[in-house]
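Have a look below at one chain only, the form predicted alone, in structure tokens format.
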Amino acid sequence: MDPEKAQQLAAELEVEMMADMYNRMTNACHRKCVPPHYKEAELSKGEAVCLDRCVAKYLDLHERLGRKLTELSVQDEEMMRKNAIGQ
């Protein structure tokens, strides 16, 4: 696969993953913070605060997981490289 196609595929995959994360976050925070039966058309102060905190936590966790997965991937690559050299 040529580098340009690989880069385009990676970009498309990233957009798909971000859309999935956004949808999961939206659903999770909505279920947690907004009651199923609406009383008012607008969010209450408590609902808005809950949603804000939920989104912040979700994004923080997503960032932490991304860093950890990157770290593990780098470690795996180094281990594979060392094993390939040692053989």
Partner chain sequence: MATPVNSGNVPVSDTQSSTLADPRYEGSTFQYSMLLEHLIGEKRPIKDLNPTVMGGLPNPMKTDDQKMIERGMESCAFKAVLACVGGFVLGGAFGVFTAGIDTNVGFDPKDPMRTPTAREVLKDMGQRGMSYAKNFAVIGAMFSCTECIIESHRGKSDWKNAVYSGCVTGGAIGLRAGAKAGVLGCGGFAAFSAAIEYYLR
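Positions refer to the first chain, counted from 1. The term rigid core refers to the most C-alpha atoms you can superpose between the two forms while keeping them within 1.5 Å. What you see is a predicted model, and the numbers here were worked out from it, not measured in a lab.
Unshown form predicted in complex with the partner chain; subsequent notes refer to it.
For Pro36, no non-hydrogen atom is located within 4.5 Å of the partner chain in the predicted bound form, even though that partner is not displayed.
Under a 4.5 angstroms non-hydrogen atom cutoff, the partner chain in the predicted bound form lacks Lys57 among its neighbouring residues. At the 4.5 Å threshold, heavy atoms of His30 stay clear of the partner chain in the predicted bound form, well away from it.
Taking the partner chain as it sits in the predicted bound form, the stretch 32-54 comes within 4.5 angstroms of it through a non-hydrogen atom at Lys39, Ser44, Lys45, Gly46, Glu47, Val49, Cys50, Arg53. A displacement of less than 2 angstroms separates the C-alpha positions of Met21 between the shown form and the other one, with the rigid core held in common.
After superposing the rigid core, the C-alpha of Glu63 moves by less than 2 Å between the shown form and the other one.
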